[in-house]
Ligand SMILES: Cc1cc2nc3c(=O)[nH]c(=O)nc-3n(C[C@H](O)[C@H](O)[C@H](O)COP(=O)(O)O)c2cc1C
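There is one chain below, alone, in structure tokens, taken in the form predicted on its own.
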Amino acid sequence: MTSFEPKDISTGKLHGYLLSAVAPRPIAFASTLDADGNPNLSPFSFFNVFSANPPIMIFSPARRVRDNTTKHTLQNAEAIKEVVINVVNFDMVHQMSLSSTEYADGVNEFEKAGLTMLKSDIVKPFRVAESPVQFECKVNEIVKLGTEGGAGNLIICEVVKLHIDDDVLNEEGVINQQKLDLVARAGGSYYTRAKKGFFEIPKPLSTLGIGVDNFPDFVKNSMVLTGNDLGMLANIERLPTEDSVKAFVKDLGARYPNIKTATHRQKHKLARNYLSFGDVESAWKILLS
């Protein structure tokens, strides 16, 4: 067995061990507002429920390991002292992942991820309409665990109202876990779907995805593409060039001779097939052909 004391390895390596070993972890999809009223949305897997009376949840936006900066969510919680914690199911996992991109201050991650802002009843931050369970919370306390990179900041939240989609409730008003279909976070690029097992989503942090807000309308408003499809398509730095699209379509014509005359719906279905294999670049070229 390999053994060591935390002080003997780098914070980054320790961080990786902790996240890989303490898994899977539930995800707090936290919606906040900054002091100027700009919405912010970001996921956190240092999260759980700790009390029912009073109803208390705690999540922790840690200081970034690489440069010791703090996240917008923490800054907003300190300023406004309100947050909405939305749960994450499989249908929205790619959009959730995209929202973890480190967009600039003031950028609306709801719009980038193609998620719907839903007005809360009691608190100021918006709910995520696509989330099957949403908790409106007031921030009771923030406990800072350190001042160096990797240090957590425990945001202790008291639930003041909760919203549950009727579709995930059974006849007795109890949440059906199969219908809820939650996902959780593990180490590296791994997630787990509660009723299926592990899967991977490439981390979006190294680049700034264009976001759903920069899609052509015929893609953004597709009746075929799912939320997860949109999340995958949004996680590219730029759209393919016109020349690359033409070259791709010419090659594709050997297998799909009707591609040039296909309807948007037909192209969207074909693009979904490519997305199922993780081929985002080809999916975009089909959509733009």
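Keep in mind it's a predicted model, so treat the numbers as computed, not measured. In this text, residue numbers run from 1 along the sequence as written.
The same protein also exists as the form predicted together with this ligand; that form is not shown, yet it is the one meant from here on.
Ser131, Glu136 and His163 - do all three of these have some heavy atom no more than 4.5 Å from this ligand in the predicted complex? Per the other structure, none of Ser131, Glu136 and His163 touch this ligand.
Interface residue in the predicted complex among Phe126, Phe110, Phe215, Tyr191, criterion: non-hydrogen atom within 4.5 angstroms of this ligand: Of the candidates Phe126, Phe110, Phe215, Tyr191, Tyr191 is the one lying within 4.5 Å of this ligand in the predicted complex.
Just to be sure I understand the contacts: of Ser42, Asn228, Ser222, Asn235, which is the one whose heavy atoms reach within 4.5 angstroms of this ligand in the predicted complex? The residue from Ser42, Asn228, Ser222, Asn235 that makes the contact is Ser42.
Which one, 140 to 148, 170 to 178, 94 to 102, 154 to 162, holds residues whose non-hydrogen atoms are within 4.5 Å of this ligand in the predicted complex? The contacting stretch is 94 to 102.
Find out whether any non-hydrogen atom of Ala62 is located within 4.5 angstroms of this ligand in the predicted complex, and reply yes or no. Yes, Ala62 lies within 4.5 Å of this ligand in the predicted complex.
Applying a 4.5 Å heavy atom distance criterion, does Ser120 contact this ligand in the predicted complex? Ser120: no contact with this ligand in the predicted complex.
Closest heavy atom of Asn89 to this ligand in the predicted complex, within 4.5 Å or not? Contact with this ligand, no.
Closest heavy atom of Phe248 to this ligand in the predicted complex, within 4.5 Å or not? It does not: once this ligand is placed as it appears in the predicted complex, Phe248 has no heavy atom within 4.5 Å of it.
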